[in-house]
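Taking the form predicted on its own, here's one chain by itself in C-alpha cells.
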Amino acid sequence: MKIAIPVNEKNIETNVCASFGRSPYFLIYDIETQESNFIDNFAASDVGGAGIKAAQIIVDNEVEALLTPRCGEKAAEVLNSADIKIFKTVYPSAKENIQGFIDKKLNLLDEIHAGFHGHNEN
C-alpha cells in the first residue's frame, strides 16, 4: 500500500507541511517495501488551483491514502473520486505519522475546508 504525505523537505524525518496544495514535496511511502520516494509538487507555485493539481499528482502516483493536516474541498473531491482515503496527521514528522497510520492511530480527516481559491497564505 502506498501513502502520500505533504512535506517541507526531501527527508522522512521532516515535518509535515501544513498546506497540502502548497507543499513543496510529497513523500510517497510504500508500507510493504518501506521505500520512500520524494516528488516535487509542481503545483505549489501556481496562482490558483494548486490543491486540485496537487491531488492529481497523488492520484497519478497510485496512492491509496493521503496523510495531511488539512485539505480543501476541491482537492478532496479529486481524491475521493479516485477512492483515496484522507487521514489527519497528528504528529509533527512524516515518519511519526507513517508509524501512526500503520498502528491505526490516525483518523479520517473529516474537516474539509473551502480552500483558499487563489488567496495566498500569509
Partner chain sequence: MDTTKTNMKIAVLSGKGGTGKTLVSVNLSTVAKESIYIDCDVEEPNGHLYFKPKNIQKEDVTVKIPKVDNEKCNGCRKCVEFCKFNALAYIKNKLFIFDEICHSCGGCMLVCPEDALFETEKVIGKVEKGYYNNISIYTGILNIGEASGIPIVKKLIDENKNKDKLTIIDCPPGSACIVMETIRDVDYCILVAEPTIFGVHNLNMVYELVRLFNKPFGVIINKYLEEENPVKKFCVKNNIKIIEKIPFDTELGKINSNGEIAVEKSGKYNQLFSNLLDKVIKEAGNETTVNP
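Nothing here was measured: the structure is a model prediction, and the numbers come from that model. Positions refer to the first chain, counted from 1.
The same protein has a further form, the form predicted together with its partner chain, not shown here; the description that follows concerns it.
**Student:** Based on heavy atom distances of at most 4.5 Å to its partner chain in the predicted complex, which listed stretch, 93-101, 77-85, 28-36, 63-71, is the contact stretch?
**Tutor:** In the other structure, the partner sits against 77-85.
**Student:** Is every one of D46, G49 and V59 in contact with its partner chain in the predicted complex, taking contact as a heavy atom within 4.5 Å?
**Tutor:** Heavy-atom distance to its partner chain in the predicted complex: all three under 4.5 Å.
**Student:** Give, in sequence order, every residue of 1-40 that has a heavy atom within 4.5 Å of its partner chain in the predicted complex, or say none if there are no such residues.
**Tutor:** Nothing in this stretch is in contact.
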